[in-house]
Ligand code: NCD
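The chain that follows stands alone, in the form predicted on its own, written as structure tokens.
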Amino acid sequence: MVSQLNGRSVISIDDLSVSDIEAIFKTADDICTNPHDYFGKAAGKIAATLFYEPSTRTRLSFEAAMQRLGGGVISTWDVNASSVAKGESLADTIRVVGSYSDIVVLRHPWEGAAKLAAEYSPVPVINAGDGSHEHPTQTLCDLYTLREHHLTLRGLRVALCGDLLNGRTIHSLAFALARFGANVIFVPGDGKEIPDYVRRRLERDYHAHIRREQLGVLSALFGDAPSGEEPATVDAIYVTPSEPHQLAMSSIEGTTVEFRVGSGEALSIYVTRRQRERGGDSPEAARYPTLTARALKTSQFKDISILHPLPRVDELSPEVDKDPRSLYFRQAALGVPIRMALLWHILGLGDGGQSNRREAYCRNVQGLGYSQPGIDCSNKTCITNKEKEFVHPQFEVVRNGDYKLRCLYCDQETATACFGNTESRIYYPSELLDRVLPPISPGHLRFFQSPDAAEAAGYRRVADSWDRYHPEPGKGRKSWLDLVSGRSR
């Protein structure tokens, strides 16, 4: 089967359309049924697994997948034994390793590293996890496991539990679940709430509705709460209803309801560990969702499935392993056929693997792009701050109260203190952008992180009297972003 993925890099789950994912699943189904039909098809091809962080399942399943397809593998799994220890940049490393292989699988501790790699690599790159950002191939395994067990993703409720702040598997999975019409419930440990930028993307890009609910039956994951303690709440993410049955989880706006599981209703509990390597430790008294045999005794958990991306530490009791609802070892095993299917499509093996295509990587931007100099991503571990000589920041302008810039490498948002007009050389506080008439053309707009930066660039502040002639915009007036989004830069 010829795929549209031939020669493409997969850096974010957004790089895969619904039809792409369905094609991968269809191939994985066939691999599980007729594995011998795929053996040897990648003969002569080489995959490079370039891992800057520890890995067991992801690296070994990719290597097993490539070898079962008949290809070869070259691997760097100890960066201290490579030229990275000598100070070699990722940009240089990926160009060299790409010249030795037909595809590169990369894991890296810096957010956005996979995007940079895809921009420099001469061959397709697959993101095997970049910092706390995304892990798209784990999401494919998760979706495939859920589909196998529950038969459909639409309307399925999935409780994502644990370190939602630093867990890259959670971020990719939340986006994918929303796209497939599942309903997501975020159940964080104390201080490990889902990042604001993830919530905002779910609302804007996936038409999700976010509301607060009391934990209800999910409180079993926290054991016995101290008496007198206020009921904990969770963020419930509902896909905007488009079919009548999707209204079932919604309730009257403005009310607080308790999370329940009705008879015959399916629920999946997806548990994750504390991401200690990314500052994921919590105070000793912090509450953290933990799944035990005792927690599973509630009758409302009768029809659930239990997933975990592994490795586990203390958030998932081994006593649960024999429970038929536990799917995490099956989930890990499915990593081989899923990654075989992904390699099959990217390498064009369904077309005989004759063409060594490599499509230039470019991340799609739904809104207004911004790539002018003078502003840096606020995320210190973003690749744009780590390898500045090889990459220039790229942003999307977003309006969340004030104007911010969403980094197209790590997705995190950077606040803007002021903006300038390149024609007048005047700068204004960012909250005044919606009040400038006529609207400043995007091509003449420059954002700055401080007034000092604006003045250092040769801009002068707008006169204090400006406010008297430019009152607050009337109700119903469009924002600057709405007014200019349709214009070309």
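The first residue of the sequence shown is number 1, and the count goes up from there. Keep in mind that this is a model prediction, so the values were computed, not measured.
What comes next is about the form predicted together with N-carbamoyl-L-aspartate, which does not appear here.
Within this chain, His135 lines the site of N-carbamoyl-L-aspartate in the predicted bound form, having a heavy atom no more than 4.5 Å away. N-carbamoyl-L-aspartate in the predicted bound form is not approached by Lys404, whose heavy atoms all lie more than 4.5 angstroms from it.
Although the partner is absent from this view, Leu310 contacts N-carbamoyl-L-aspartate in the predicted bound form, with a non-hydrogen atom inside 4.5 angstroms. Residue contact check for Thr58: one or more of its heavy atoms lie within 4.5 Å of N-carbamoyl-L-aspartate in the predicted bound form. Heavy atoms within 4.5 Å of N-carbamoyl-L-aspartate in the predicted bound form map, among the stretches 302 to 310, 408 to 416, 187 to 195, 391 to 399, onto 302 to 310 alone.
For the options Ser219, Thr93, Asn385, Gln275, the one in contact with N-carbamoyl-L-aspartate in the predicted bound form, meaning a heavy atom within 4.5 Å, is Gln275. Among Arg107, His345, His171, Lys115, the residue placing a heavy atom within 4.5 Å of N-carbamoyl-L-aspartate in the predicted bound form is Arg107.
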